[in-house]
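One chain comes next, on its own, written as structure tokens: the form predicted alone.
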């Protein structure tokens, strides 16, 4: 097989990798991308997109169930619904397939050469790829490592049998009667909530003192309230010890030190993700590491000249949009543009019920910088649009410097607040002050009005509370 030479080689066609390759192609850079699986990576194939499809299906089913029970205030009555999860999964697969084709089409449009197979470094400029038709050698002036991450496997709960990762959970064709979720982070709670709405009896086992420990307690309180309403049992301060010898039962050390047995048809382990740094020849390179992650600078450059790394393999936050932004920037740097990486305005969204959005600094984080801050918070219980949607739980909160009112962070929890994330990020990115947001006319009636009201509250000018 004839060797390939190029200016840029991208290893991995996940969100970061394919965006990097597309942007490089648009800039006229001779680009090759290598991917062992389908384009789109974890996010498109077994992560962000399929999980949101499942969450939406669960929400629709749960809504109809509540309409059927005759206890809703809307005056709507219907018959009891049925759920065919296999059809739901088939619908999800169609969406994933459409997006796979879309990514492939965009790469071809940008004149990026796609090589399918497993890549392995020979040295800093040479990679060999095992393809279906043989070994392909690729030599590149620049290389971008975008190998992503994989679910963490617990030593005492290896994947297999009833123990599954999020990948297998998104392919189930029937709803498990009893589901135990090990890990109360965003992945576990998103999927656990979805399966509870579809009829599963769900128990969450979390080792930390509370769920969603990466968020402050005030933000997660409405989520915990909703979990209780859905009948989800949450065990905090608890540790999964392993399967009972008979199987089908998870042994758990509860917070008080007692041992409990949880019967389960499926045990979903969601205790985090690890960077994929194995099996692609990391030992052939001399890269500085930051724990398990590849260390990069503000330009995504590694310790080796001409080698860049982006996305989950470079550390937290492990978010697709972070990888995309890094990929676009790296392509432009290789093209000779002046760019640098600024992570202050990266939003994080948790698609629980209700949803959680954070960008920038929380009140506690801001106070740690030894800067005096102003905090304004507006509840959805005082927002007309939220009332008409039966979505009064939650709030929007703005954090700003006390001296010049520069907005440092915005947080929200509530139904559908993920769609407000763009407004929050734009405010931080543009260097908005409280007066900028407070003086912007927000459409009425919308949940977005709570954003304006939160800044008015911080200024001491609140109108509707």
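Residue numbers count along the first chain shown, from 1. Since the model is a prediction, treat every value here as computed from it, not as a measurement.
The same protein also exists as the form predicted together with a small molecule; that form is not shown, yet it is the one meant from here on.
Here the chain stands by itself, but in the predicted bound form one stretch of 92 to 100, 133 to 141, 179 to 187, 328 to 336, 179 to 187, has heavy atoms within 4.5 Å of the small molecule.
Candidate site formed by 358, 408 and 459: none of these residues places a non-hydrogen atom within 4.5 angstroms of the small molecule in the predicted bound form. Of the residues 261, 208, 126, 381, just one reaches the small molecule in the predicted bound form with a heavy atom at 4.5 Å or closer; this is 208. Out of the listed residues 83, 271, 163, 232, 271 is the one that sits within 4.5 Å of the small molecule in the predicted bound form by at least one heavy atom.
Though the partner is left out of this view, residue 401 does not reach within 4.5 Å of the small molecule in the predicted bound form, counting heavy atoms only. Residue contact with the small molecule in the predicted bound form: residue 293 places no heavy atom within 4.5 Å of it. Although the partner is absent here, residue 214 lies within 4.5 Å of the small molecule in the predicted bound form, judged by heavy atoms. Among heavy atoms of residue 341, none comes within 4.5 Å of the small molecule in the predicted bound form.
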